[in-house]
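Before any questions on binding or motion, here is one chain by itself as structure tokens, the form predicted alone.
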């Protein structure tokens, strides 16, 4: 690339958001330079290659809706697609719309500086390339910056230490002694898959999670054909739904207190047999609302652990304590709790016996030394802002994005940050983001960005940025909506609140009002002359 290659827009990332942004902006006649750290497309589904990696949104729903021919030609094989299938899908999308020609792969953005005199971004790449662009679209993902814990002696361990978000292709786990640290949604997927092949699996559990059976299964041709036939109606409904999902099944609409104990149990048994989060979370109106209904749901999931795990002591150790169901991300699993009945699996409850230290051959914990070959860190991410903060982004008056983010969240509508003109964040802080079907949210945001750029060009504006007062009011509104929900209930600590990152202020990251309501808010502000934005 020659020095100061000039384009209309730089798109950072080649996952669902980056690919759609690149496609739509180029379709609108803009020149686009995509930049992706990975060797290929996929984003989350390129990096997260750990055994058992699978989406927790149904595959027929976790896919693009912008092109009906694409919807009709692609056939998903399972209810919940595994990582390889989703990666194949995104490669198909990249090929179908000729998107690779826009991208520089195996390349990172190391810095971006806004030139106020020219109203352009100067973007520096780690291969020495430099790009000038009117717009920068940060399609970096909400869960893309791995969190690696500091554990005494771990750097002395002579075996392999891997983070699940950077799982290497050459890692052999069959017939090896493997430890997993972390039992969130990733650990819950990873543990059963490793247990099938490892000589011995040691699960070092920090905080146990509530989890619901996935009920994954092959999709029948008739089921796929039925959804494809109804895609226009279903996709339109998804755009207005709170969770951004298509109504593939009907749930809820009744109070838990209007049925007998026997009927409630019948409904929950059926929901757990069907599998998937909505079957349980929407079985009754009060399941995800703090109070007696949520308490009953919490107790039912604790009972499910007792019903599944043979050893009462192990079952007790697997039970979450101090917080109710729904506080953390709702996990779905395939045989997770039953895995602890296997003779080659050992659970260590770090609440009772914390890790003492690692050494060259293994880990000391609970007064024992466990010899290991591999340590897998399922320890999550610096959510929402981590990937943004790792790039040296400098806006107006020398303000850096790290300074702007500080110890908490910034952003107006999850789309823009004051002081950073013409820089857009896709499904960023303050939008429904991680609380909704992220593909639906991505399409909503990317389409807004493309229309916004068209508006600027049509009316002779050079820049758009968020107004600080509008941002503050929006984030206050986001925080107010989260008050009194299961996500901020007493005792709740989660990455939704930034609790997994030292130094982060406790602050809820997402808009809980629902994707449909958020879309209405976005439309009203846009139609009102881009209210809350400053156009120059």
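Here the structure is a predicted model, which means the values were calculated and not measured. Positions refer to the first chain, counted from 1.
The form predicted together with flavin-adenine dinucleotide (FAD) exists for this protein as well; it is not shown, and the discussion that follows is about that form.
The listed set 143, 372, 309, 401 contains one residue whose heavy atoms approach flavin-adenine dinucleotide (FAD) in the model of the complex to within 4.5 Å, identified as 143. Note on the partner interface in the model of the complex: the residue among 482, 32, 492, 35 having a heavy atom within 4.5 angstroms of flavin-adenine dinucleotide (FAD) is 35. Contact with flavin-adenine dinucleotide (FAD), judged by heavy atoms within 4.5 Å in the model of the complex, is confined among 285 to 293, 101 to 109, 260 to 268, 462 to 470 to 101 to 109. flavin-adenine dinucleotide (FAD) is not drawn, but in the model of the complex it has no heavy atom within 4.5 Å of residue 416. In the model of the complex, flavin-adenine dinucleotide (FAD) lies farther than 4.5 Å from every heavy atom of residue 179. flavin-adenine dinucleotide (FAD) in the model of the complex is approached by residue 139, whose closest heavy atom lies within 4.5 angstroms of it. Heavy atoms of residue 437 reach within 4.5 Å of flavin-adenine dinucleotide (FAD) in the model of the complex, making it an interface residue. Contact annotation for 299 to 337: a single residue, 329, has a non-hydrogen atom within 4.5 angstroms of flavin-adenine dinucleotide (FAD) in the model of the complex.
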